[in-house]
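The form predicted alone is given below as one chain in structure tokens.
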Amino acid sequence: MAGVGLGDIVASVVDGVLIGGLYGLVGVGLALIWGVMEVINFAHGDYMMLGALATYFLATRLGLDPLLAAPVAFGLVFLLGVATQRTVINRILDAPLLTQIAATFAVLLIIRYGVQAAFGPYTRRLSSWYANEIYYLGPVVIPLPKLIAFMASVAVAAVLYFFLFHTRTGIALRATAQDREVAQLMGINVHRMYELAFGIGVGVAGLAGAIASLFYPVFPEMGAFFALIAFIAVVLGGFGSVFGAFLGGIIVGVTEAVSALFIDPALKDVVAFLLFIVIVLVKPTGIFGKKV
């Protein structure tokens, strides 16, 4: 701690913001699903892993740049999410919370160990021309892949904001989140909205996985850590608040990065979990505790 200066703190804050954008993007999908359907998707991190894996294969087998492969990964995971909603989630919407947890946990096991059986437990890494590019701004070190990941995360969050607040379908989604019965009376196809919400929610997670693959290893269990962080981001931002979750992810990223200056970096995730406990005890509704 004695050797930590202002420059170190500024560098850590910048690094935390960059990685926090990715955390926030994973949390956004989780918050959207909860906000519209009130289902806690325990398999959320594994859909992220599918996006990363799809990007890896598109890049290595077809030669696509990972950034060009990312929209394709979103589309594939979106379609899988719609199929999951129709075959599994739709049947448990009105079931007890424990049943919902068991069902989404079963989906988690199917995806994670299905991928492991099909493609092996190997750790894969993507390479690109910008993988090792680094910018220096005084004491601040900015790896280009992380900068791209942050900018892409902000862009996706902005597009999602426009979709939810400035399109008829997005407004219908928000109406469904506010009151399912009133939305039905207004002529909104609620089940179609559920399919859309789950597809977009896990699709955004898949997109986050594609972005993460720029600098993070791809392996079957990679989603477990990001799912935990996403839960913290969502609770911090307010369960059901899409943009609160994005802000929560950035706060978690900065908290981790700055705390690593003062404690063993291996324990920085513990600080994030302590933050989670404090928020639950002090402000259980989070910073923006309202729906979508």
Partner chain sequence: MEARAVLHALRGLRGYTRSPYVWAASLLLVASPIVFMKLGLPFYANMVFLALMYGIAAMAWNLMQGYTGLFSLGHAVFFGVGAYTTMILAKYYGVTPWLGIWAAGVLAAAVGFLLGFPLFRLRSHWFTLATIAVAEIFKLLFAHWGYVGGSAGLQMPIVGPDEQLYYLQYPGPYIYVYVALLVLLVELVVLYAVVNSKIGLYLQTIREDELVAQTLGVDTFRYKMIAMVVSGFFTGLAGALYAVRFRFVDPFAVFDLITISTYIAVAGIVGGIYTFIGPLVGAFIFVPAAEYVRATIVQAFPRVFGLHVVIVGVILLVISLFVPEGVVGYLQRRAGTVRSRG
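Numbering follows the first chain given and starts at 1. Just so we're clear, the structure is a prediction, and the values are computed from it rather than from any experiment.
There is also a form predicted in complex with the partner chain; it is not shown, and the following applies to it.
Chemist: Work out which of L137, L185, A158, L98 lies within 4.5 Å of the partner chain in the predicted bound form, going by heavy atoms.
Modeler: Contact with the partner chain in the predicted bound form is made by L98 alone.
Chemist: Using a 4.5 Å heavy atom cut-off, which residue among I92, M151, L79, V141 comes into contact with the partner chain in the predicted bound form?
Modeler: Selected option: I92.
Chemist: In the predicted bound form, does each of A131, L247 and A260 have a heavy atom within 4.5 Å of the partner chain?
Modeler: Result no, not one residue of the spot touches the partner chain.
Chemist: Of these, 206 to 214, 69 to 77, 121 to 129, 165 to 173, which stretch puts a heavy atom within 4.5 angstroms of the partner chain in the predicted bound form?
Modeler: Residues of 121 to 129 come within 4.5 Å of the partner.
Chemist: According to a 4.5 angstroms non-hydrogen atom cut-off, is L147 in contact with the partner chain in the predicted bound form?
Modeler: No, L147 is distant from the partner.
Chemist: Flag F231 as yes or no: does it have a non-hydrogen atom within 4.5 angstroms of any non-hydrogen atom of the partner chain in the predicted bound form?
Modeler: Because a heavy atom of F231 falls inside 4.5 Å of the partner chain in the predicted bound form, the answer is yes.
Chemist: Is there a heavy atom of L62 lying 4.5 Å or less from a heavy atom of the partner chain in the predicted bound form?
Modeler: Residue-level check for L62: no, no contact with the partner chain.
Chemist: Mark F243 yes when one of its heavy atoms lies within 4.5 Å of a heavy atom of the partner chain in the predicted bound form, and no otherwise.
Modeler: Contact check for F243: no, nothing within 4.5 Å of the partner chain in the predicted bound form.
Chemist: Do any residues of 27 to 51 have a non-hydrogen atom within 4.5 angstroms of the partner chain in the predicted bound form? If so, which ones, in sequence order?
Modeler: Contacts from 27 to 51: W34, I40, F42.
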